[in-house]
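Okay, so here's just one chain, in structure tokens, the form predicted alone.
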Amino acid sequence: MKRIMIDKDRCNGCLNCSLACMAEHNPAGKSIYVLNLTDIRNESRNFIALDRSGKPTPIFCRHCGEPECVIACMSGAMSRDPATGRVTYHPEQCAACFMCVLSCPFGVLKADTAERKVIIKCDFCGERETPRCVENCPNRAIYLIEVSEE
């Protein structure tokens, strides 16, 4: 299974990862040229925060081995695929209790800004071989590794 890894020292905070994520999930099309940056219904599933020293730090879903969001989810909307290791969100099952948001130890999950009814989280860009954030990081601060679960 693949995991997204972060090399914080390589990140310069360019936000290419966030723009790539927004473009990939844009219902109007996947081109960066049709991306409407003012549309709050199309949010990035990752973000860049500044650490205590002011250094940009990419914040991504880690698709944890024992995901707290899945454990906290009472409706079954969050699940982890044992074959791929991906934590998946099923909005049709979500009760919008946001226990997953509260339980994420990395502060990644968030409610959608437009309606506050669903969770915004990384989906590994669906069926793509490589998530678009990884492909668009110019400094290779975001990369994939193959891991085995033990």
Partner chain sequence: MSELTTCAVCPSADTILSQFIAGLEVETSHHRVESQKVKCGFGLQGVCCRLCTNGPCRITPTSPRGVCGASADTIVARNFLRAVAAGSGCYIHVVENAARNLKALAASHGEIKGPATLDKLAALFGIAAEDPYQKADQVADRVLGDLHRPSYEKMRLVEKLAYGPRLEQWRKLNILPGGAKSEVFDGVVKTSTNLNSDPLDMLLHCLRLGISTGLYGLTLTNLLNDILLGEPVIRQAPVGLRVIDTGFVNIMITGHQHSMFADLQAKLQTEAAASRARAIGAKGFRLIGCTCVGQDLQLRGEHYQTIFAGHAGNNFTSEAVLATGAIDLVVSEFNCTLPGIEPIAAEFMVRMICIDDLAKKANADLFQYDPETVADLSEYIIANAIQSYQKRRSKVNIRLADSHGDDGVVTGVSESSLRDFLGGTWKPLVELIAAGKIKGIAGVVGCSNLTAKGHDVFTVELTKELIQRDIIVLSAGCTSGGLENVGLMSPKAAALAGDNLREVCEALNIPPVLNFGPCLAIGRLELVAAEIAQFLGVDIPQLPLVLSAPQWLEEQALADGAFGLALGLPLHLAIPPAITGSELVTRVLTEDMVGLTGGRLILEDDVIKTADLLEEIIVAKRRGLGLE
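The structure presented is a predicted model; accordingly, all values stated were derived computationally and were not measured. Residue numbers count along the first chain shown, from 1.
Quick note: we don't show the form predicted in complex with its partner chain, though the next part is all about it.
Of the candidate stretches 32-40, 57-65, 84-92, 100-108, only 32-40 has residues whose heavy atoms lie within 4.5 Å of its partner chain in the model of the complex. At the 4.5 Å threshold, heavy atoms of C21 stay clear of its partner chain in the model of the complex, well away from it. With a 4.5 Å cutoff on heavy atoms, C11 does not count as touching its partner chain in the model of the complex; it lies far away.
If you take 124-148 and check each residue for a heavy atom within 4.5 Å of its partner chain in the model of the complex, you get E135, N136, C137, P138, in sequence order.
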